[in-house]
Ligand code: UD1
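Next comes just one chain, in structure tokens: the form predicted alone.
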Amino acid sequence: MDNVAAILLAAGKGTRMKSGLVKVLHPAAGRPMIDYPVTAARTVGAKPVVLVVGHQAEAVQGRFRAAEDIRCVLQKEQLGTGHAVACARDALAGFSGTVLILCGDTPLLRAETLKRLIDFHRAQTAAVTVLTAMMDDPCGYGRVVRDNSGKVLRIVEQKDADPKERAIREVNSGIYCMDAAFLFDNIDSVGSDNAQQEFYLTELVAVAAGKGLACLAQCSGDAEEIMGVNDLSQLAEASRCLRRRINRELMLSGVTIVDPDQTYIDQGVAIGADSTVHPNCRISGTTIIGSGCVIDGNVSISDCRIADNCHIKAGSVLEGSELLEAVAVGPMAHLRPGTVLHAHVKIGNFVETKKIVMGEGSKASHLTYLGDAEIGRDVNIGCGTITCNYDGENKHRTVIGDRVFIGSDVQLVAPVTVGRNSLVAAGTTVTIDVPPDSLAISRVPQVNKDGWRLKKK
């Protein structure tokens, strides 16, 4: 969409959040709240997007530091929405067209809604168009006062409204389309004669109406979209709404989610058709899951790539790992970052891995720790095996060749290599390299003392 810019208000601290983190950086469904209106603005073609920052400005700017289409301006004192928009004037010097004004704490706003708002604003050649919603309980929101023809006369904040105005159910979302020339020619006329003694952007509505300019409102069909987040309770509700959207989209694409209300999937996660996700799962970050996978209950997956037909069994935790086709993990396994499992690998119950590559068809079925290791194809890792990778100062690597059999209760003291097709006997502590096709065995000879127990009694 041509000639659209956006001003996004993100300077407030968010006192009611009662948190050391600035409000707009609080995560909703895995992403900071501010990401959502920024994404919506970009989707409708807004360029540039001007962020008005204040509290923890460096942290907010840092979120978008590499983005060429984002400009940040500082509102040193938070004196109201009108003052915030005035701070963005220089960043849009020379711009002519439509200016979207958005709030950084509205994660439920959809790009489709913004597009309809812009189209309506332009079709009506309005100076100002306000996005509104009808609410059964409008408490806390500014009320939209219209004339008999439906044009907007003014917006009254709740603290300044009289009883008649408080009875109005149509509320202001804080989201506007404005003609750039009108906006910047009149922003200095906004005063602070109100209960909060702040410069309200809503006063521009009355200015436009007073000049006989078209000042309109478009009512959103979904009041949920304009929900602003002011405390952690509202953040939880917004996150629930986002997760419902995410889960619905996944189910419509062919993913079976057994209980959507008890499944927590973040924005940006991708899951292929014919995969099944059981209740109480948490799937987050940059995770991509292929088709035909089964994710059992109480599984946590973050920043992983999982290929087709994998089975992640109950209670497992996967972080920063890559799984190729038909891998089975768990139950109660822990894959730490840097784990790469090739096709048909099996990681069993109470197995922990970290920075390993495991070749096709290999398995570690239970009660094992594998860290900083390269493991070949068709390797069997016995119960209780440990790669001893840390000497107190440095990490060292273990290399295990193809078709090696590691017996139970083996310690591999890195750096060490076990050659292909070798067997390491149960209970062995491996401290030197094992040649290919060999048997490694290290045990204290067993001594039986006949009748010893009877003497003790």
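All figures in this text were calculated on a predicted structure; none of them were measured in a lab. Counting begins at 1, following the sequence as shown.
FYI, the form predicted together with the named molecule isn't displayed, but the following is about it.
Enquirer: Counting only non-hydrogen atoms and a 4.5 Å threshold, tell me whether Ala11, Lys23 and Ser173 all contact the named molecule in the model of the complex.
Expert: Yes, because Ala11, Lys23 and Ser173 each have a heavy atom that approaches the named molecule to within 4.5 Å in the model of the complex.
Enquirer: If we define contact as a non-hydrogen atom of the residue within 4.5 angstroms of the partner, is Gly104 a contact of the named molecule in the model of the complex?
Expert: Judged by the heavy-atom cut-off of 4.5 Å, Gly104 is in contact with the named molecule in the model of the complex.
Enquirer: Could you tell me if Thr129 has a non-hydrogen atom within 4.5 Å of the named molecule in the model of the complex?
Expert: No, Thr129 sits far enough from the named molecule in the model of the complex that none of its heavy atoms falls within 4.5 Å.
Enquirer: When the contact criterion is heavy atoms within 4.5 Å, does Phe184 count as touching the named molecule in the model of the complex?
Expert: Contact with the named molecule, no.
Enquirer: In the model of the complex, does Asp378 have a heavy atom within 4.5 Å of the named molecule?
Expert: No, Asp378 sits far enough from the named molecule in the model of the complex that none of its heavy atoms falls within 4.5 Å.
Enquirer: Which of these stretches, 136 to 144, 380 to 388, 307 to 315, 209 to 217, has heavy atoms within 4.5 Å of the named molecule in the model of the complex?
Expert: Only one stretch passes the 4.5 Å heavy-atom test: 136 to 144.
Enquirer: Of the options Ile289, Cys177, Ile283, Ile155, which one has a non-hydrogen atom that comes within 4.5 Å of the named molecule in the model of the complex?
Expert: Checked against the cut-off, the match is Ile155.
Enquirer: Which of Gly80, Gly371, Gly359, Gly272 has a heavy atom within 4.5 Å of the named molecule in the model of the complex?
Expert: Only one option qualifies, and that one is Gly80.
Enquirer: Any residue of 269 to 283 with a heavy atom within 4.5 Å of the named molecule in the model of the complex counts; write them all down in order.
Expert: Going through 269 to 283 in order - heavy atoms within 4.5 Å of the named molecule in the model of the complex - there are no hits.
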